[in-house]
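You are given structure tokens for the same protein chain in two forms, set apart as structure 1 and structure 2.
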Structure 1
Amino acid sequence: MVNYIWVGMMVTGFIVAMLTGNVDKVNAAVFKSAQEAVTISLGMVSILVFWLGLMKIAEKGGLLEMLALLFRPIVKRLFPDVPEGHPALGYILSNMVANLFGLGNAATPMGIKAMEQLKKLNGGKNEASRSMITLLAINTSSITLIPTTIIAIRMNYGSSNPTDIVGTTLLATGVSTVFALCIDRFFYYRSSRKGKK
């Protein structure tokens, strides 16, 4: 669906540009944006490599394991349908810790693995289970301590203090996570009550 929306926006833009005689401006904007995208991507490599290196050190030093142990009781309460010791719990914990450090690129593969495991638990059905919905809500709104990607973009654009965004991000993601969980629980209990009637 999203792809259709993008295609519709592009086609509409080109048609309007042709009708108003601004095709040259559209071409210039396309090439300039492509150049900026490459510049931003290359600039982000350094900061991502730095944080991924720190994550590797944290993993080898046992910090991630400690964080996983710290979050385990919370995760067990959030995902009561997942049995103790199931691989999905490990992937969910890794996904949450990676998101905590703002490493969306590292969190995505673990989130996909967690979703695959949860789908197996759901008997391979196409309908999402309670745990799958909860994971999606947490993953989308996840609390972020260090917004690595945003810091990298601010550095690329010459921000005098690129880490100014840390406090705001922590507050925003904290609030969004609390609301996401409240909405998740609200709809779950509402559907449960309807099922009992």
Structure 2
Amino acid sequence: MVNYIWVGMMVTGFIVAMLTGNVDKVNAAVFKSAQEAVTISLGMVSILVFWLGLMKIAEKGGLLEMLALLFRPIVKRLFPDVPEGHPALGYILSNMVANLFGLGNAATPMGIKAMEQLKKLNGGKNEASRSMITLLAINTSSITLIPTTIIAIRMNYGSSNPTDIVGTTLLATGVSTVFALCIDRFFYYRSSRKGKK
């Protein structure tokens, strides 16, 4: 599906550009965004190195195993495929906690480490496993306790109460996370039924 969307956006863009005369803008956009992508990736080096370094200490000290043990009942239900005590659980939990506190920068490296472990569990295939998709669903809809960036923007524009959207954000993300998990389950059972036929 991602193949079709990818080609679809490009080709539609080129056709519209020809009709509207925006071809020069599109040409500029191609190279500018390619450059931007490299800048973003390299810009993440510092954050990734720092948090992955710290996480290594936490991992060696046994902190991740402890976290995983603590929240085992919840995570076991969300990720029934991951065996107990597997390091993936610790990373998944750190990822969820970082998202909860709006620490997107800290959440990404942990999410990536979790994916790496889940890939090992899946026999190293380049195919997304059930647990990987669940982790993704939790991440895109992630429950947010403190939306740090948006509070900062509201303060900048002189809001009389910059944090009054914390409650609505928490409610909206709570709803979307629950639904995301239901949708995830629905698609999983549908695809596993198909597989058996």
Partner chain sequence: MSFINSFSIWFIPFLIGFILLYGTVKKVSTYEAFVEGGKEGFSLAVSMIPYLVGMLVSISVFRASGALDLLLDFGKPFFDFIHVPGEVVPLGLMRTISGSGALGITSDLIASNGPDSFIGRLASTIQGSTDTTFYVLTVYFGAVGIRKMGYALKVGLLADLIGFIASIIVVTIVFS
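So that the term is clear: the rigid core is the largest set of C-alpha atoms that superpose within 1.5 Å between two forms. Structure 1 provides the reference sequence; residues are numbered from 1 along it. Small disclaimer: the values here were computed from a predicted structure and weren't measured.
**Q** Only one of structures 1 and 2 is the form predicted together with its partner chain; identify it.
**A** It is the second structure (the form predicted together with its partner chain) rather than the first.
**Q** With a threshold of 2 Å on the C-alpha, tell me if residue 14 counts as moved between the two structures once the core is superposed.
**A** Yes.
**Q** When the rigid core is used for the superposition, does residue 23 move between the two structures (threshold: C-alpha shift of 2 Å or more)?
**A** It does, since the residue 23 C-alpha is displaced 2 Å or more between the two structures after the core fit.
**Q** After a rigid core superposition, would you say the CA of residue 72 moves by 2 angstroms or more between the two structures, or not?
**A** The answer is yes; the displacement is at least 2 Å.
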